[in-house]
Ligand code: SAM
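Only one chain is given next, in structure tokens, and it is the form predicted on its own.
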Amino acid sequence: MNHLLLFPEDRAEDGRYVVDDARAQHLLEVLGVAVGATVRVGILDGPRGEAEVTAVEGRQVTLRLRPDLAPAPAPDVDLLLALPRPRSLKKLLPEVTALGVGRIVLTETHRVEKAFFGATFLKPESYRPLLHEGLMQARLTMEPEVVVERRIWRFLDDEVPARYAHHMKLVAHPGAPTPLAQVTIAAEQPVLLAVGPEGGFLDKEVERLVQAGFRSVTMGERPLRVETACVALLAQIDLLRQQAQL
């Protein structure tokens, strides 16, 4: 945990924040905080900065925010993801959150097992703590929106033109002719990245994505696990953005 994520329900009437759960345990047992200590904090979907510990009572820690909180960066990559098996998704959510994804659209393709959509893990109370874990790891505050859209063709026909008209749209596919490393991405260019299931998109699915404005790109011939591919792709997109600033 590289900063403490604070929620609206933590706010007391006097404006201070009180935590008494695993976050307080981390402050007390890992960081060893005492009254007067300064800790890094972020407000969920809000600014980030520092707070002062003003009280420690048993397992409860009270903090007062410093006045110079700064806005957190807004996410600029959305992820269109063929729904992986639940255990893979559990590994993936904290990682893509830490890498700055703003919206995760979970969809069905030919190789996605329909039973995955009945998993209890798709309930917000199950997956949101993993998103928060990623935010605390990367010192971010903007919680990704998770959307289940089983009809990928509806998403491509209706939502992509309306919502993503100005995004660079990329679909990762091992057999694509263009290496991702050769793509130019401006520093401020928002991106919609499509990643397929284990085994990848079918060729006809890639063709349909291309028709919807996606550019088919590859990182090489190695087939990767979904959780590995997403992290590698997002990191490479971030690198390309940094290169555009040089």
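Numbering starts at 1 and follows the sequence shown. Please read these numbers as outputs of a predicted model, since none were measured by experiment.
Below: the form predicted together with ligand SAM, not depicted.
Undergrad: Does ligand SAM come within 4.5 Å of a heavy atom in each of 199, 219 and 226 in the predicted bound form?
TA: Yes.
Undergrad: Which among 27 to 35, 173 to 181, 60 to 68, 40 to 48 is in contact with ligand SAM in the predicted bound form, heavy atoms within 4.5 angstroms?
TA: Of the stretches listed, the one contacting the partner is 173 to 181.
Undergrad: Considering only heavy atoms, tell me if residue 195 and ligand SAM come within 4.5 Å of each other in the predicted bound form.
TA: Judged by the heavy-atom cut-off of 4.5 Å, residue 195 is in contact with ligand SAM in the predicted bound form.
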